[in-house]
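Starting off, we have a lone chain in the form predicted on its own, written out as structure tokens.
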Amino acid sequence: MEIIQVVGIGLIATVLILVVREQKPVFAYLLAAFTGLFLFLFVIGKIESVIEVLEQLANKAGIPSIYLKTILKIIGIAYIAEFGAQIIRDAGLESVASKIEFAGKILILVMAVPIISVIVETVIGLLPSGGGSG
């Protein structure tokens, strides 16, 4: 039950942050940032098993590995951008957090273009050609 550990760490950090915030707001922010980073690193190792399963499924389905890697990179960008934005929000800098999310969305769009083009080409290939002789 790792979620109990995660919630426990979160609760302890929250109490410490609330106590420290009144006297030293910078230390409270650093504690919040380190707690977030610790929790991120705690769960990032769990993703490896998910990636292995996805690779096995992609191999069975005959999907080229470049597409799976691109999708995994897109997911990684989304998670990292969200995590970074949340850390920045904890510091009270909403405008910077919004810009991190915007940059993440642009990077996701750029990485998704090859996959979108393959999907469109596949759909076009499935459509009957319009010979016009009806």
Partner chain sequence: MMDFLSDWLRNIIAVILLAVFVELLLPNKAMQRYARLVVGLFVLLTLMTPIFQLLQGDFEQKLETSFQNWSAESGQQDLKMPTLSEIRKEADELSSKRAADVEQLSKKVLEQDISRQVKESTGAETMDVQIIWKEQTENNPEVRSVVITLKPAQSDADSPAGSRQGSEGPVQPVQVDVNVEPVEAVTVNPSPDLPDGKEDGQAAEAWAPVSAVLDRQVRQLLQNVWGIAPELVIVRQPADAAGNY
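Positions refer to the first chain, counted from 1. Since this is a predicted model, take the numbers as computed values, not measurements.
Here the subject shifts to the form predicted together with the partner chain, a form of this protein not shown in this document.
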Does Asp90 reach the partner chain in the model of the complex, with heavy atoms at most 4.5 Å apart? no
Using the partner position in the model of the complex, report whether Gly10 sits within 4.5 Å of the partner chain, counting heavy atoms only. no
Can any non-hydrogen atom of Tyr79 be found within 4.5 angstroms of the partner chain in the model of the complex? yes
With a 4.5 Å heavy atom cut-off, would you call Gln23 a contact of the partner chain in the model of the complex? no
The unique member of Val96, Val50, Leu37, Leu30 whose heavy atoms fall within 4.5 Å of the partner chain in the model of the complex: Val50
For the heavy atom contacts within 4.5 Å of the partner chain in the model of the complex, list the residues of 1-22 involved, in sequence order. none
